[in-house]
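The chain below stands alone and is given in structure tokens; this is the form predicted on its own.
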């Protein structure tokens, strides 16, 4: 017995140079500015009927290794990053059904600007825009905007709740049918259907209304990664789709049940929000070849271990360069991504730091997916049967046309044969496709 149909989305780790040191990556290090690789990605996953493409973003250059940018610049780690709303607009123009979800952080964009950017993207895409709401996690990013440091983790989420309130009120400042376009009376917009919001909260204020006009979806789709307790609470109250990264099938099941419980407590229908679990499939012509490819991730030189720890430091705001690689991982705290650190510490157990980072980075997703397309499809089926829904958010560490094709022309047809993912879009707009099943 197979699971019910589930959703697929793609987590693009920034529109920048991808896989430039790998085979089959073409001349990405010279051609990345044009974004053509990423437009090809969008076209390909639309052909495979994915729900959406989420453009992750960071807004600073890492300095979390030896208090230096060198490691990040030399290796192209999360740099360069182009402005996601610009890439999102290009992707929207290159597609016709795929949801496009740029990341816009609450500390870097005023709520009015976010409402206007995402609302405009919804208009030009015909109702296919989303917004990945993040609060930021690095003081380096805050310093780019004149802040000494970001607020504390829980305060950031309190601010985010108010921020989302402003954004959604601005989207609602235009009633349906406000643009009457009556040539006989010469009236374009009915003034009675456009409203100020006069919002003045503890952290944000905005008069409104939006001058960019109404959104085709009414409200564009809101995506949010809620790992901590505060993050889950925010996701349960506001998100239409949740980016989740618990480790293991039981943890996935527990996470989804927790978010759905919180949604009921907030007076929302839990079926109105789709929880998608991050997954990194390792695909090959045979199961043995895929297992060998996966095993390579668990073997690394000390230099590669340093690189992986620097990337973990970029996520968690911890500089691991002063830690003993061969000593057990001790107590760690962060004002950065708390769920990422919690997952790392859980994986660490009694391991040394070297062993812990290799174990953590060798298994990139919530559940291990390794094998031929048919094998991985069966693994995804089994996981979803246990978890109960709602789908997977694929994140590939090295995006190239080859790795994209492995998914869209290998894995997806195997999933379609099992009736696990759609073969065609049922609707024109993003939210409607998200709520199809």
Ligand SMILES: Cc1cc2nc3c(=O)[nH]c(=O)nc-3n(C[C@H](O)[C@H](O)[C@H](O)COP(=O)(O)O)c2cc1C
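Numbering follows the first chain given and starts at 1. Note that the coordinates shown come from a computational prediction; the quantities given were computed from them, not determined experimentally.
Missing here is the form predicted in complex with this ligand; even so, the following discussion is about that form.
Q: With a 4.5 Å heavy atom cut-off, would you call residue 103 a contact of this ligand in the predicted complex?
A: Yes, contact at 4.5 Å.
Q: Might residue 98 be said to contact this ligand in the predicted complex, defining contact as any heavy atom within 4.5 Å?
A: No - in the predicted complex, heavy atoms of residue 98 and this ligand never come within 4.5 Å of each other.
Q: Spell out, yes or no, whether the shortest heavy atom distance between residue 311 and this ligand in the predicted complex is within 4.5 Å.
A: Residue-level check for residue 311: no, no contact with this ligand.
Q: With the partner left out here, check for me: in the predicted complex, does some heavy atom of residue 226 sit within 4.5 Å of this ligand?
A: Yes, contact at 4.5 Å.
Q: Kindly indicate whether 132, 157 and 336 are, all three, within 4.5 angstroms of this ligand in the predicted complex, using heavy atoms.
A: Yes, because 132, 157 and 336 each have a heavy atom that approaches this ligand to within 4.5 Å in the predicted complex.
Q: Quick one: of 153, 195, 237, 306, which gets a non-hydrogen atom within 4.5 angstroms of this ligand in the predicted complex?
A: The residue from 153, 195, 237, 306 that makes the contact is 153.
Q: Tell me, out of 210, 243, 252, 71, which residue has a non-hydrogen atom within 4.5 angstroms of this ligand in the predicted complex.
A: Only one option qualifies, and that one is 243.
Q: Pick the stretch from 267-275, 85-93, 186-194, 132-140 whose residues have a heavy atom within 4.5 Å of this ligand in the predicted complex.
A: Stretch 132-140 is the one.
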